[in-house]
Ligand code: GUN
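Starting off, we have a lone chain in the form predicted on its own, written out as structure tokens.
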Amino acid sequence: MKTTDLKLYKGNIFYFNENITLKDFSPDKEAPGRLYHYIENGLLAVENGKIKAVGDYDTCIKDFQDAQIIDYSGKMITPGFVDTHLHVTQSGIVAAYGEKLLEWLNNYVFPCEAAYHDDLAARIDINFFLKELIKNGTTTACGYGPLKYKATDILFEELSRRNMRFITGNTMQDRNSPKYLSLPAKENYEIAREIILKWHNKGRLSYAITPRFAFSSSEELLGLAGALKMEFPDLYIQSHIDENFAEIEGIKKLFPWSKNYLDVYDRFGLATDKTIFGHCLHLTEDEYEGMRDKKVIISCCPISNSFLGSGLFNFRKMMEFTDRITLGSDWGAGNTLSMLAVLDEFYKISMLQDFKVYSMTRWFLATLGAAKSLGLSDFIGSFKPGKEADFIIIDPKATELLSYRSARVKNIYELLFVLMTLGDSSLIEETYIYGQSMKGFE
């Protein structure tokens, strides 16, 4: 993908202060102005895929007299969303009739993912998924890829073609799975290693060691996953943990030596500061402490947790142990790729626990906060000059209802709340990846 020449984008610019963390947000009031920048009638300058400058339009335009101006007046220009937990291969069963986790996997997920044994079907499905993801304003994601080599290679190829910053890997499993979606532990390892050597750190791509969850992994497979981490220390790891009570009981039977679910991963060197654990709903006190000590990354998936009846994520308690908390759509059981919808659901599940999560806090979790947790804030998440130009254009008047409601907001806090409560892909007028508009990309 070719990079752009210098271009200027005019609009209302919103992004967070570079140096803040989740701990800077108060649990009982909205964020103070020092935590963010909201520039009405602002200017964003982008050159060769990177942020060159940002500021007030009337001030900045003096330095860029001859550059092309793209006018988004009245619309919001903001960094793209970061989704830290989704399943690339599950578009075909989104909105399948609900079941609890283990039944849902067997009845819907596994048969759906088997379609990826056909290379053409895999490419069609991957392209559909990426089109939907980008349409929803997500510019960086952590995703569970296909099982086999060829389909995973196609995924990386399509991501590279779009120049996306993406963390993914072949989903590894060797037990408690149908034969058509299970490989011997050594073959899982060999596929992973081949993909790592070809794609890891190529362009904006990162590989994640991806055992689906310990329930579908033998000790041999988890040991080989740990061996990959030892050989390639900068790899990410992603898996599921403590999502469902039946799953947790299964873990106790499969790994009777373990103290808890987290201990299984830790025993094989898979609980690290580059590990992304999805769900984290039913943690023991030891697990909360272990996640703090290991500095793992938490991905809360409120929509899928509601859909599968798995439980409510305890954000208030998790904050007592760590600020490495992020949000995921969990596409598959999650019925939308819109991070706006995820942010809305996150608010609701917190309200059910008598805890209000303010607008700025939620928006931070899905942008700069996620970038910081993933160790990517030098590249994405804000508009600091020199960062990669992944940004979106949000139209607060995209629908008649939004137009009516947004005309009545008093400040940026109310505007963000309305966007998260009423928003979906229709708000995202355009998505830019590394300075390139994705509109019409094929």
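Quantities reported herein were computed from a predicted structural model and do not represent experimental measurements. A residue's number is simply how far along the shown sequence it sits, counting from 1.
Not on display, but discussed next: the form predicted in complex with the ligand.
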query: Whether 87, 330 and 333 all lie within 4.5 angstroms of the ligand in the model of the complex by heavy atom; finding: yes
query: 4.5 angstroms heavy atom contact with the ligand in the model of the complex for residue 324; finding: no
query: The ligand contact in the model of the complex: residue 213, any heavy atom under 4.5 Å; finding: yes
query: Residue contact check: residue 130 to the ligand in the model of the complex, 4.5 Å heavy atom; finding: no
query: In the model of the complex, residue 139 touching the ligand (heavy atom, 4.5 Å); finding: no
query: Residue (of 337, 105, 349, 303) lying close to the ligand in the model of the complex, criterion heavy atoms within 4.5 Å; finding: 105
query: Interface residue in the model of the complex among 101, 76, 276, 291, criterion: non-hydrogen atom within 4.5 angstroms of the ligand; finding: 101
query: Region of this chain that lies against the ligand in the model of the complex, out of 235 to 243, 250 to 258, 151 to 159, 282 to 290 [heavy atom, 4.5 Å]; finding: 235 to 243
query: Residues in 312 to 326 close to the ligand in the model of the complex, defined by a heavy atom within 4.5 Å, in order; finding: none
